[in-house]
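Take a look at this one chain, the form predicted on its own, written out in structure tokens.
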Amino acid sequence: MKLCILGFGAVGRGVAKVISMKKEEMKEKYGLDLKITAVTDTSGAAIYDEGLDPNLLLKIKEDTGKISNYPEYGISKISNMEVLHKVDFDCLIEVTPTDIENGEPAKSHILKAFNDKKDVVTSNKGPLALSFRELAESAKENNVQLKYEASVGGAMPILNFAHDTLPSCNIKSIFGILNGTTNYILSRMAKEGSSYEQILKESQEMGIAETNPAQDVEGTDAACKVVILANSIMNRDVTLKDVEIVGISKITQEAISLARNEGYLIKLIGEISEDTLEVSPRLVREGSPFAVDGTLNVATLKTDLAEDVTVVGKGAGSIETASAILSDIISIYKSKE
């Protein structure tokens, strides 16, 4: 299977790493021969139909910062759309930066791939949160697959779990911690008694929180995931504007201490049901499945037959997120056997 990777930030590099780590295993286990035929970043691209070396891609990016410096096959100042016109590939890996205003340019990349009868795997929340129905219908019309496990919860296997493991169940609601950054901040505030501002600053220094952390701490990132879960699992037709959002920036140490005295923790929770789409700080009982620390994500699916089923996983990390992307690639390949 030939892969075109648009975007070579943390997730794109993670995909190259896991392909390097798992290439031989994929051949032996599934008969799946993965080749990266194109990679792009802001400098340009590297394109080679016979397959680029994932380790060399990583080295070039680390040493020079520019994938266009790949020897012999590097191309400067070529756009992602031009790459999609030029390259030979079977599956697009769309991991460019998320835009929550209009979902671009990722949305156009995905639609272009569909129109060319190519499958797509993405971690990009923007187009999914804003144009889910349009993308799903385009994939269906073109008889190709759109997979996006990595867009919600990193390595937490919630989407494929719901579709593939619980197909006999009607899922009535989903309730969970869907953002690792906010969970890390709130966990440390509860453990250490430090202020929100202090923990946020340290989280930024450690690379856990972004330089501009607004999407995380104001709840927008979790809200995007709420939309994806609602549309994908509960067959709703909603977008980001349909979610009620309250973030954690106003949570004080006093509020956390009061909660702990009563045996509770404060967590940023996303809730999806037939009549609810919400992200807000909630009280969860200590010792419950939601009392997870660090960047862990957790979600409980309330079903008609299996009652409550809870999944937990790392919500961030390039390798963790790439593991979900690789799982989707394998799923697409197996479906064509």
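As the structure is a computational prediction, the values presented were derived from the model and not from experiment. Don't overthink the numbering: it's just position in the shown sequence, from 1.
Another form, the form predicted in complex with a small molecule, is not on view; read the next lines as being about it.
Q: Can you say which of 308 to 316, 269 to 277, 46 to 54, 25 to 33 gets within 4.5 Å of the small molecule in the predicted complex, counting heavy atoms only?
A: Answer to the contact question: 308 to 316.
Q: Taking Tyr184, Ser249 and Pro281 together, does each of them reach the small molecule in the predicted complex with some heavy atom inside 4.5 Å?
A: None of them does, since no heavy atom lies within 4.5 Å of the partner.
Q: Even though the partner isn't displayed, in the predicted complex is Pro213 close enough to the small molecule, meaning a heavy atom within 4.5 Å?
A: Residue-level check for Pro213: no, no contact with the small molecule.
Q: Taking heavy atoms and a 4.5 Å cut-off, does Pro97 contact the small molecule in the predicted complex?
A: Answer yes; at least one heavy atom of Pro97 falls within 4.5 Å of the small molecule in the predicted complex.
Q: Classify Thr64 as contacting or not contacting the small molecule in the predicted complex by the rule of any non-hydrogen atom within 4.5 angstroms, answering yes or no.
A: Close contact is absent here: in the predicted complex, Thr64 is far from the small molecule, nothing within 4.5 Å, heavy atoms only.
Q: Does Met21 make contact with the small molecule in the predicted complex, using a 4.5 Å heavy atom cut-off?
A: Taking the distances in the predicted complex, the answer for Met21 is no, it never comes within 4.5 Å of the small molecule.
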